[in-house]
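Let's start with one chain on its own, the form predicted alone, as structure tokens.
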């Protein structure tokens, strides 16, 4: 097992949880700059999409050095696609690679990936071992040109002129406590057979989706098992703020925790700062600019982020309505600069 950066990372680990449609390059850049989490994960990316040459899938793999250690999260159900996606993530200089075994959406779990892998423990282990092998092969000189990687993906990577040092990149897993029933100890014991560098556990089953409360008692049970190994364990679910994160880490005996929804419109959640309204609006504008520069079109995905910043002040609803009608950064700039001058 290669632990990579996980071996020396400062504890407790307070990281940014991977969230589809949220943790894009612009958001992660802002969180890194203003919150400085211990680690950050990309949005999850389909290994099959990469296999079939979908260049746009690699948009999720954009990152800045400010985010390090930064981890590429991947999902899917095809072993050779996992192998190639791992090689590509290694080639792109990520500090770690995380396998999503927790997404409950019909589009993912319904196709046998994400949390559906909880029902397929033997295949789940094959996936982890495949990614570990790919990382090892890359560290020993395996070249993407020597593999069945789509020519469009190869051409895209060639243009980047990548030249990262060859080293073992650690493989981790993010999962849940069960599929339709809680099977925490059995499932986690299965995963530990592959010796992943870390396991992040969301305290709900797939059946629960995001309803109810995250079960930190089950995370505690998982941590007790994992702590008997070299694998690190992170808890996830319903963390409200930095104080809450530290309290849950202490209760469950984990090495750290991942913060998800509490970071919406609040990159400062990782350091406990209470930002002023003016600061929130300034950073919202900065994130909008980063989105335009890093991700370009479509513009709509940034709008929910902007609305998250615009709460709890007179005229907040009207401001959100204006932002939802905006079509580009220039229009957002006009809306927010006016509000910033009013609130400063």
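Fair warning: this is a prediction, and the values are worked out from it, not measured in the lab. Numbering follows the first chain given and starts at 1.
Below, we refer to the form predicted in complex with a small molecule, which is not included among the displayed structures.
A.B. asks: Have a look at 237, 256, 76, 170 for me and say which one sits with a heavy atom within 4.5 Å of the small molecule in the model of the complex.
C.D. replies: None of the others qualify; the residue that does is 237.
A.B. asks: With the small molecule left out of view, choose which of 136, 246, 261, 125 has a non-hydrogen atom within 4.5 angstroms of it in the model of the complex.
C.D. replies: Checking each option against the small molecule in the model of the complex, the one that comes within 4.5 Å is 261.
A.B. asks: Closest heavy atom of residue 210 to the small molecule in the model of the complex, within 4.5 Å or not?
C.D. replies: It does: once the small molecule is placed as it appears in the model of the complex, residue 210 has a heavy atom within 4.5 Å of it.
A.B. asks: Is it the case that residue 84, even though its partner is missing from this view, gets within 4.5 Å of the small molecule in the model of the complex, heavy atoms only?
C.D. replies: No, residue 84 stays farther than 4.5 Å from the small molecule in the model of the complex.
A.B. asks: Does the small molecule get within 4.5 angstroms of any non-hydrogen atom of residue 335 in the model of the complex?
C.D. replies: Taking the distances in the model of the complex, the answer for residue 335 is no, it never comes within 4.5 Å of the small molecule.
A.B. asks: Are any of the heavy atoms in residue 9 no more than 4.5 Å from a heavy atom of the small molecule in the model of the complex?
C.D. replies: It does not: once the small molecule is placed as it appears in the model of the complex, residue 9 has no heavy atom within 4.5 Å of it.
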